[in-house]
Structure formats: C-alpha cells, structure tokens
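Below, in structure tokens: the form predicted alone, a single chain.
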Amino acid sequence: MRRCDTASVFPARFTIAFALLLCAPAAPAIAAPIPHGTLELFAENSWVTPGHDFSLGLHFQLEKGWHIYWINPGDSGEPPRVTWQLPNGLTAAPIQWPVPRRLGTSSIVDFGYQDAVMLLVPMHADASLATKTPAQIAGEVKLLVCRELCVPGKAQLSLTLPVNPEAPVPEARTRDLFAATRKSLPRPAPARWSFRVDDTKDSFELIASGGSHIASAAFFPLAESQIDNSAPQKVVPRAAGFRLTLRKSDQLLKPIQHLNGVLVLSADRAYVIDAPVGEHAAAGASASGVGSH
C-alpha cells in the first residue's frame, strides 16, 4: 500500500405471481457505512433488459474534509476497487471516473473527490440473459478515505433487479443523479484539436493546436509517476491553442511514448487525451478521447 499522509473520485396464481415479480421495481439501495461516510449502489434503470446495456452507480457521501481517490490517486492513497459477483449473462466494464480535483499541500498533491461523488459502472446484459429470475448483483468495495490520515474501508453492496424483456425504463429516483454524473465525465477531445508532447530534459511540453485561444488549463495524468503533481502547470496561450509545461516526476525512470490523461480547460470543458511524445508525435499521431478510463 502506498503512503497515505495526505491533507487537504420468481395452476394460474403462480403465473400471476411470476408476472408481478418481473414488473416489480428494483429493491431500494441501502446505504453501507464506510469510514467517515456512506456508500450506495444504484441502478440506472428499473429493470434489466436482455441485450440492452445500462449503468450502475457507486454513490459516495463523505463527511466534510474527507476524500476518496481518482483512478490515479496522485502522490498518495489508492482508488476504490470493486470485486463483482454477477449472474451469468451480466458483465461489468471498467469504472467511468468524473473529473477529479487537486487535493493536498504545496508538496503533496492528490487527485480525488470530496463531499459526494458517483462513479459509473457500465454493464452489459447479454441477449441470452434469462428472464425467469431477478438479477442478483453484488460487489465488494475496498477503499481509502483520507484527510490528515487515511482510513481503509470495505463495503458489501447488493442490488436485486427484475429481468424484463420490455424496453428499459430509467429509474425515476436516480434519473437526475445519473444525468449529472454523466455531465461530470471527461469527453473525447473535439476533432479539430490536435495534441503532441515535446520531451525536454526536465519537463513535458503539451502543445494543443486547432482550437480557440486558451488562457487556463490543468492536466491530470492517468498514469502515476510521470509528472510532478505538486509543480505549477504553466500555460502559454498561442494563436489557436496553448502550450502547457508539466514538470517531470523524479520517479519517472524511462521514456514514455504517450501522455494520457484528462485535460481541464474550464468548469464545463474536460477532455480525455492521448498525446504522442517526442518522435512518436512526429509520426503524425494525434490525440483522441477514450470515452472512459
């Protein structure tokens, strides 16, 4: 474990009973206690429809001043990790992470979430998923919750959803929460933008071209130990873009070919980018959004 000294993401009556079960609403989520907060598992839709993908939500509510971590936690900590127990025909994709915040001090910077956040988990339901019994979804979440110190936690979550051949219907109780969470996810970069990285002795120079004049930008790397998280990120505007200086991490031991991460340009503009570095940039590769990470 990395150091955690941080301060600062189912005859006639049986037929009727069976039909009622298929149409029954999802069992309400029960908040599980975690250190200095609670965690709930939500479903996007009222039931699972075979052949239709949907999402689950891991909704964290944290006490004031405490935080959890992004996929790259920064200088300390660990992101939440989930082990799923799912019925045959239901599979979980990697977590989709909202844009994180910088948390910490002048010398230690973490990436994560305070107050409340929901992590999205895309789910795939096979067309062959049986409709005779409800889908029993369970997961074990392990996490660190931190302030001046870190407290490890674990939560057992479960949810029972009907499996219904009818078209899926959004769950009214959580519709707005899922919509707001999707707005907080980084998007693919616009097609008109291109990105490359100049590799200097002490820094990476992230160069963006093809967009509008930008005076403010912040970069969150997906991989650990590539940039110095606590170093200032200097933005130099250009006619159609900008140059962002990212100091290299002292722990970076070998050259990298791509710089992957989330580029935040304003409160409502954040993009997932994959920018080629050095000679790989000269080969003509350009940045592209990866949708989720």
Partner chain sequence: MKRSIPGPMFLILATCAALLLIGAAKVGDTAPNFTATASNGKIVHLSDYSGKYVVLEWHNKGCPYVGKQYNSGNMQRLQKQWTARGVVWLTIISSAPGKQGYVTAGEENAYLAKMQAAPTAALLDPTGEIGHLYDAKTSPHMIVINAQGTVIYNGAIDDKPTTDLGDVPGATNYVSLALEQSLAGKQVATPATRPYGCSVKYSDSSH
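Residue numbers count along the first chain shown, from 1. Since the structure is predicted, the reported quantities are computational estimates derived from the model, not experimental observations.
As for the form predicted in complex with its partner chain, it is not shown, yet the points below apply to it.
Candidate site formed by Pro73, Gly77 and Ile108: every one of these residues places a non-hydrogen atom within 4.5 angstroms of its partner chain in the model of the complex. For the residues Thr245, Gln61, Ser230, Asn260, the 4.5 Å heavy atom test against its partner chain in the model of the complex is passed only by Ser230. This chain appears without its partner; in the model of the complex, the one residue of Ser55, Thr38, Ser225, Ser46 with a heavy atom within 4.5 Å of its partner chain is Ser225. Of the candidate stretches 47-55, 246-254, 233-241, 262-270, only 246-254 contains residues with a heavy atom within 4.5 Å of its partner chain in the model of the complex. At least one heavy atom of Glu148 is located within 4.5 Å of its partner chain in the model of the complex. With a 4.5 Å cutoff on heavy atoms, Arg175 does not count as touching its partner chain in the model of the complex; it lies far away. In the model of the complex, no heavy atom of Pro190 sits within 4.5 Å of its partner chain. In the model of the complex, no heavy atom of Pro94 sits within 4.5 Å of its partner chain.
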